[in-house]
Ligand code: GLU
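Next up: just one chain, as structure tokens, the form predicted on its own.
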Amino acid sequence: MSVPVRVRFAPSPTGYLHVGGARTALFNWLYARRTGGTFVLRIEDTDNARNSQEAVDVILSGLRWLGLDWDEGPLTGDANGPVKGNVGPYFQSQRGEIYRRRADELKTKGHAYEKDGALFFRMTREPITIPDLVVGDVVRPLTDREVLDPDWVLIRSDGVPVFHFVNVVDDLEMGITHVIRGEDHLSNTAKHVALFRAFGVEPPKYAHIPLILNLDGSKMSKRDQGASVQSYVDDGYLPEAVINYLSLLGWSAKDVPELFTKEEIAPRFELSDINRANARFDLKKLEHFHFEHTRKLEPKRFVQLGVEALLKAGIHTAGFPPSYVAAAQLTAQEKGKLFKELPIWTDFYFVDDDAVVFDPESKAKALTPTALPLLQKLGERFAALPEFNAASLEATLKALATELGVKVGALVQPCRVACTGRLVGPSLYHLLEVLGREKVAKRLARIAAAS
């Protein structure tokens, strides 16, 4: 009978949630969901000097934004008991008694000894082979220094256990069956394998996933664009677009569609399909995924996210009819813009008609002395329309252009700038329909009066 899969994501709360960490969490989540296993979240916070509650909150917020729900946590006030469905996560800072007990076990078995106030692990003197589901078998020989003294610290002289020790103890105590983590941890793994065996158990199965690099092949640092998950939140990316893109950074399978949700791809996620080559992060590709997911987004959710983006920009929509707000937002959906850009595309809907702010360059280009009388004629034709909808507005404008012997753009551009303040934005005829007869008339008349 096979052992149920148990995987974990174990970040250190020393800063933001890195995109590489988010992808590690995602791969663990996908594998747990594919196998019907358990996804454990564990905060490795034994380093009091570097850890902060703010960093913990950032990690939890980022995971929730991505929709990576974890399955298990300790009982309230009890760090020992795994509880399926409890909110969690585990915190290493609450598990000191477990580490002391396991340290005593190693001393009793002769695998650890005290020196200079610290506790050392008696490391094996033989090379260690690390079986890896992605990398393959890796033989870790001892370095020249390690041949002379391969032992390493378990608990420092100040009483703080080191990462390698608590990492293994927690994986052992929590019954972790698969450790899916970045390839940068591969160099640590020989110590972990030796420690598991000192406890008398075989280590979990390891799967070290390729690193995420910048486009130029350099390692992505915290200052590089796209490194922080919070930047995606702030810029208004859809979390499902980020998930879609991260899934394909280092993983591929046959016949996988370009666009998918994590729920759709989880049944197809196999560790054997993880690539060996390092992945390169391309922000333009991520923007493409956002564009495509945004266009497919359920309208109600698009409107909700759009209203939130406007509010962040100081634009309040509460004083307008919900149907108007929704119609206004939806004129921008096909554009697939980041939500931080949405105010630029839809703010003109929510200002007084005499308070439209004009982009100077757009105004200079479109609202010329030649254009002003054309706008006056266009306003008269629009006012006479029996039905004020996109189709009739388009037909009327084009007919007037033909009648006046001018190109359609000679009317489109001035009309757009007069009503929105900019030369770019949603479809002109649809935005005019949403603004409505009265608003359009006032805005065109305001400009025509300047002639």
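In this text, all values refer to a predicted model and were calculated from it rather than measured experimentally. The first residue of the shown sequence is 1; numbering continues from there.
Unshown form predicted together with glutamic acid (GLU); subsequent notes refer to it.
Although the partner is absent here, Ser427 lies well away from glutamic acid (GLU) in the predicted complex, with no heavy atom inside 4.5 Å. Interface membership of Thr294, defined by any non-hydrogen atom within 4.5 Å of glutamic acid (GLU) in the predicted complex, is ruled out.
In the predicted complex, glutamic acid (GLU) sits beyond 4.5 Å of every heavy atom of Gly20. Using a 4.5 angstroms threshold between heavy atoms, Phe196 stays clear of glutamic acid (GLU) in the predicted complex. Contact with glutamic acid (GLU) in the predicted complex, judged by any heavy atom within 4.5 Å, is made by just one of Arg140, His185, Arg381, Lys262: His185. For the options Arg181, Arg102, Arg95, His290, the residue carrying a heavy atom within 4.5 angstroms of glutamic acid (GLU) in the predicted complex is Arg181. The chain is drawn here without glutamic acid (GLU); in the predicted complex, the stretch among 161-169, 129-137, 270-278, 227-235 whose residues come within 4.5 Å of it by any heavy atom is 161-169.
With contact defined as any non-hydrogen atom lying within 4.5 angstroms of glutamic acid (GLU) in the predicted complex, the stretch 295-323 contains no contacting residue.
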